[in-house]
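First, one chain by itself: the form predicted on its own, in structure tokens.
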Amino acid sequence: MGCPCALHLEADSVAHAEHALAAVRAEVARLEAKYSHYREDSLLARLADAAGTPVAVDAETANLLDFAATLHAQSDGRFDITAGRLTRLWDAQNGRLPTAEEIARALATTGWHRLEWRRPRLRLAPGMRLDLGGIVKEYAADRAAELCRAAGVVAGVVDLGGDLALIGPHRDGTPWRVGIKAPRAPERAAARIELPRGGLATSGDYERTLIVAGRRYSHIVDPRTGRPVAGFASVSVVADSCLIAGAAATLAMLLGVAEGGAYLRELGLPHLCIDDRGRMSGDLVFAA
């Protein structure tokens, strides 16, 4: 998943915990291999290679595409998984700013209107590449939590790069206490909250950001302009699942400070927003 991952479990025995851990490792590795934006043997790479030709996808992929279509509609087109060529241009691994010509070429292959999706058949426009990075890690966290519960472990936390899915509260019934990183000082917490269940996800410009000549460029790209979003340094959301929390956080980042904050308030989900000047808003508990 391109990030530090951890699994915190309370189980009857080490063997019981290791059984759950093995299931989680296998599932996260499966989803990484299937949906990675960076692997040339992933399903996304194969779909890009088949662009222009209708391809039947499996039920899991179809469900993710349906969810992405809903997010696209809710965000007025700002959340767009067809922007894979664009997001690659702004990846921190590049170490340089893309040129105007590169952005224009990527924009020419971007846009949900260029994609044909009639479940289960998908047809990408020539040159298009999908990027499910806004939802797959959170989906993987939820799947990992489900597998732990199926293995009989009911107390624990799945942590995939700071996106959390609660398996269940501590065995004594008390909630887990978790911290949200301060985006410009990740060694300290901007907030500490108690979570008994559900999920917590954070979207921000500080983990995979591109920094050139001292200027920070988010990896979250507005598919309408081809340029990174600005305004929020991070948005954290609590929801019934990590997938819902992550989608809401990413949409808020894409919508910007005023519109994104209003969107989260309308959803009624607990959240913490930190803008690029360090100003905080929301209803999660601020750390001292």
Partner chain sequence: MSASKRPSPSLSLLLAASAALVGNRSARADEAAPPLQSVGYRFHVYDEDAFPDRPVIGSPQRYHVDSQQLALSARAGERETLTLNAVHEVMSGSSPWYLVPGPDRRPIQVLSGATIRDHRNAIDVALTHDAGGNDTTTLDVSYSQERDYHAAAIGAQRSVPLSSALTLGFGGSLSHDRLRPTDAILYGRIERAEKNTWSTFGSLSLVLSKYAVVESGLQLTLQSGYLSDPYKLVTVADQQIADTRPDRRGEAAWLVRYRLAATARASLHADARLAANSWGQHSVTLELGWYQELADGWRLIPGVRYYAQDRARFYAPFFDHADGRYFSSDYRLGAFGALSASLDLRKRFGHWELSAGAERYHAATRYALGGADLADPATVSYSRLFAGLDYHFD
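Numbering follows the first chain given and starts at 1. Predicted, not measured: the structure shown is a model, and the values here were computed from it.
Keep in mind that the form predicted together with its partner chain is missing from the display, and what follows is about it.
Only one of 227-235, 22-30, 38-46, 243-251 places residue heavy atoms within 4.5 angstroms of its partner chain in the predicted bound form, namely 243-251. Its partner chain in the predicted bound form comes within 4.5 Å of a heavy atom belonging to D142.
Within this chain, R129 is remote from the site of its partner chain in the predicted bound form, having no heavy atom within 4.5 Å.
Contact annotation: E266 falls within 4.5 Å of its partner chain in the predicted bound form, judged by heavy atom distances. In the predicted bound form, its partner chain stays beyond 4.5 Å of every heavy atom belonging to H170. Though its partner chain is absent from this view, in the predicted bound form it lies within 4.5 Å of a heavy atom of just one residue from E194, E116, D76, E101, which is D76.
Just one of L71, L147, L210, A155 comes within 4.5 Å of its partner chain in the predicted bound form, counting any heavy atom, and that one is L71.
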